[in-house]
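Presented as C-alpha cells, the chain that follows is alone, the form predicted on its own.
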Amino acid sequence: MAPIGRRLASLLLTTLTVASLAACSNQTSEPAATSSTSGEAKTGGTLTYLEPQTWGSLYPPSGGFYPNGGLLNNLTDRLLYQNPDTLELEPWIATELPEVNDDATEYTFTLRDDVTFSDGTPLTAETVVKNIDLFGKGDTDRALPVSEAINNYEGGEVVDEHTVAFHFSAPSPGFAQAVSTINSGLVSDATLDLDSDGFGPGNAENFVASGPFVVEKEEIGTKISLKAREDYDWAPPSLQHQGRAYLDGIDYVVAGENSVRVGSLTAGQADIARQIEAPDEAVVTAAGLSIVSDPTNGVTNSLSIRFPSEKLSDIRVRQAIIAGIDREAIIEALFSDSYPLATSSLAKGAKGYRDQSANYVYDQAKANSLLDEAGWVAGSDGIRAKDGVKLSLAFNIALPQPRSADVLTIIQEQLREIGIEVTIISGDQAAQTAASADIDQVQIYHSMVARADYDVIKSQYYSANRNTLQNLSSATGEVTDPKLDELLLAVASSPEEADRAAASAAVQDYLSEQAYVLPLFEEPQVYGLATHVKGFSTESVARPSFYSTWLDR
C-alpha cells in the first residue's frame, strides 16, 4: 500500500496579506483527514498511540518538540485555526479573523462567549490576554521562555468583555499565524501561574486547558492517558465534526525502539505509531496497515555549519564539507520516497521557499581542491591538519529526527574520504542538548524546525531564537555575522506578504552563498495506522489531531 501524502498544499496556496485578513473572515474549508473516513463515525473506545520519546513540557511555547506538541494539539484550543490542507487561517476561539492595522502593529480579535476550561472556569478576555502576555514576554523568574513564534510583542489589552487587542513595537506580520499554532495554546489562569517545573513531567494532571481532551492519568516517562471532555462544543466552525471527540480516550505510550513500535502495531497491540522509520514502512504495509506521511512545511532536515568556530571560519572549508557529502547516496541508503531530497534550507511546502539546489552539488574532487587551497594537508592517517591542528569536527545526534545517527555515520565515512575526521556526540536528549549549546563541543549541528509561516527560518537561525549556527556567542555575547541577523529580522518585520517572501528568499540565498547550511532532506512525520482507525488527520506541521478520529471495530 502506497503512503498517503497530504496534497502539495503549497502549490495551491492563496496568498493572504495581513492587511486583508479581516476581509477574508468568511472563507472556510474542510480539511481532509489523512486516513479513511468511510462509514458512519462511531463514538467510544480508547486509542493506543505509540511515541518514540517522552514529553518534556506542556508549556505551549515548548510545543515545537514533537512529543510535547502531540499532546498540546489535543489538549488546547487556539484563537485561530490553520487549515492543514490550504494553510489558510480560519476562525476558532476568535469568531472571525482579526482586524489588523496597516503596519501590522495592532491586532484585534472578537472572542466566542461559550468556551470553558476543563476546571469549569470560563475563557475570558482577561485570560486570553494573560496567555499571550506570558507567551509574548516570557517570565525569566519562572524559567518560562518567550515564544519564538511571537515577534516584537509589547502587550495585550482587554477592549471589552469579548474583545482583545495586541500591540507590537514593530510590524509583526506573523502574529495571526502564531496564534493558530500549538505554541499559543490557551490555558487556564491557574495553569498560567505555574513555573517551568509545574509544566513538566509529574504535573500533567494539573494542566488545565479548553481543548477536546484532558489529562486523566500520568505515569512519568512511560504513559499519559487523555479522556474526552463531554461538554466540548467549540471546534473550528469549518470542521464537519462538532461536539465532543469521538474517542473516549487516548493512551500515549512511550516506545523508544523502532522494532517495538512496529511490532506492537502489526500485532494489534497499538492503533497508531509515530515515526515509522523508512525500512519499516514496507513491514507495516505488508501487514495490511496504512502509512500516513505528511510534510512539516518548515526548515528542512539540515546541518548547520557553525562558522564562528575557528576551523569553520574559512568559507572554503564550509564549501568543501558541502561538496564532500553525497546526500542522494544517504537518502538512497536510508530512506524512502517519503523523504525527498532537500533543495533549500526551506521545504518546498514552506512559505517563501526558493530553490537553491545549484549550491548543493556533490563533487569530491572540488572538496579536496578547496581544502588544499585552504592549507589543510593530509597526514599519515589520512586526516588533514593545519598548523598542528587536525581537521576534526563534532556532530550532535538529533534524537527527535529520523535515523540521525545512521545519517551521521554515512557522513562520517564520506568526509573521511576527503580528510575530515568526524566525531559523533553520544548520550541521551539532555546530553545532546547540553553539548549542542557549546560550539567547542559541537561544530556541526543536525536539526530541523516546523512551522507553516515565513517566520520559521528566523526561528531556526536568528541569534536570539534557536541560534543553531551559534552566531551569538554565549561566552562573549557578540554576534559574529550581524548581516545574517539583519536579513532574518526583515522576514519577521515586513508587513506586506510580498516583502516577507522576498526577505525569506534573501535569507536562503545568503545561507547558500556563505555555505552556512547543508539541507539534507524534507522531513515528514510518518505514522503507521491500524485499518480500524478512521478520520485521523494532522495539523499544519503534521502533529497528530485526534478530535475527529474514531475506531471502526
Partner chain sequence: MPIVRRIAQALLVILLAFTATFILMQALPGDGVLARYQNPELGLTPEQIEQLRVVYGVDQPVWSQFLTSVGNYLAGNFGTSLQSGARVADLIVTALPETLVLAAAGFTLAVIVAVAIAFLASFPSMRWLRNAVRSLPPLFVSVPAFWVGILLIQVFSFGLGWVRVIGADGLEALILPAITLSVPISAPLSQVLIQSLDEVGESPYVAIVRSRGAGEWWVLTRNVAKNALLPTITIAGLLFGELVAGAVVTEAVFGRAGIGTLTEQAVANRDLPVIQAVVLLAAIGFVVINLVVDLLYPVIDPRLRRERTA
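Numbering follows the first chain given and starts at 1. Because the structure is a prediction, the values reported are computed rather than measured.
Unshown form predicted in complex with the partner chain; subsequent notes refer to it.
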Subject >> Interface residue in the model of the complex among Pro61, Pro524, Pro519, Gly70, criterion: non-hydrogen atom within 4.5 angstroms of the partner chain >> reply: Pro61
Original post:
Though the partner chain is not shown, can you say which of Ser357, Gln429, Ser369, Gln242 has a heavy atom within 4.5 Å of it in the model of the complex?
Top reply: Gln429
Subject >> Any non-hydrogen atom of Thr222 within 4.5 angstroms of the partner chain in the model of the complex >> reply: yes
Original post:
Heavy atoms within 4.5 Å of the partner chain in the model of the complex: does Ala287 have any?
Top reply: no
Subject >> Exercise: Glu157 in contact with the partner chain in the model of the complex, heavy atom 4.5 Å >> reply: no
**OP:** Please check if Thr54 has a heavy atom lying within 4.5 Å of any heavy atom of the partner chain in the model of the complex.
**Re:** yes
**OP:** Look at the candidate spot formed by Glu257, Val260 and Ala267 and say whether the partner chain comes within 4.5 Å of a heavy atom in all three of them in the model of the complex.
**Re:** yes
Original post:
Hey, of 139 to 147, 297 to 305, 319 to 327, 345 to 353, which bit sits against the partner chain in the model of the complex at 4.5 Å between non-hydrogen atoms?
Top reply: 139 to 147
Original post:
Taking heavy atoms and a 4.5 Å limit, what residues of 168 to 205 are near the partner chain in the model of the complex?
Top reply: Ser196, Asp197, Gly200, Pro201
